[in-house]
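Take a look at this single chain, the form predicted alone, given in structure tokens.
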């Protein structure tokens, strides 16, 4: 049971109530009191929560919490999608993985492969530590809210590479299969990854299907994994 798992459990608990106690986290997660206190100290340094006597309280408007809470939405469905998407990756391939909460779920199913992953996602980099996968983190400006690298330099970096496949997310997929985003910066990164790969896969849970968003960023035909 790694830190990333415990972090999600702690932040999910904080999403449900203002304050959590160390004792309740120990019982829920099944680790020692010392481990929980160490985790809370680490999360406080990341500005994800504020420690209190005997527990922790949420920080309203914390930018990074937003990604972690999004990761916990429809978690079981996203895990199944990630597992299905990982089956499309073959030994020796180079792939793009974007900063989506669903694409992140691929990582645990890729660790046994000798592949190269090019990503703008800090959680993806963290999830692929200590395994056979070679990871290339795209350079550019850090977006703390999304725990990802964005910007013109990130786009330039992507355009220097060619990948066999790209695995991206979308905020909405309409009935015609067009992809929509709520962020221009994320749309630009996803578009660059699609352009620089032979084939693109869109990972989307059921809440994204049949809807439109703020910005249409692709009208091409992509394989949708849902």
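Positions refer to the first chain, counted from 1. Here the rigid core means the biggest group of C-alpha atoms that line up within 1.5 Å when the two forms are laid on top of each other. These numbers come from a predicted model, not from an experiment.
Keep in mind that the form predicted in complex with a further copy of the same chain is missing from the display, and what follows is about it.
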Item to complete: Scan 79, 93, 141, 88 and let me know which has any heavy atom within 4.5 Å of a further copy of the same chain in the predicted complex.
Response: 141
Item to complete: Scan 114, 136, 108, 75 and let me know which has any heavy atom within 4.5 Å of a further copy of the same chain in the predicted complex.
Response: 136
Worksheet entry | Check all three, 46, 186 and 214, heavy atom within 4.5 Å of a further copy of the same chain in the predicted complex | no
Practice prompt. Give a yes or no for residue 84: in the predicted complex, does one of its heavy atoms lie within 4.5 Å of a heavy atom belonging to a further copy of the same chain?
Written response: no
Worksheet item: Hey, in the predicted complex, does residue 160 get a heavy atom within 4.5 angstroms of a further copy of the same chain?
Response: yes
Worksheet item: Closest heavy atom of residue 147 to a further copy of the same chain in the predicted complex, within 4.5 Å or not?
Response: yes
Worksheet item: Judged by heavy atom distances of 4.5 Å or less, which residues of 105 to 135 approach a further copy of the same chain in the predicted complex?
Response: 116, 122, 123, 125, 126, 128, 129, 130, 131, 133, 135
Worksheet entry | Per-residue C-alpha change between the shown form and the other one, residue 218, threshold 2 Å, rigid core fit | no
Item to complete: Align both forms on the core first, then report whether residue 202 has a C-alpha shift of 2 Å or more between the shown form and the other one.
Response: no
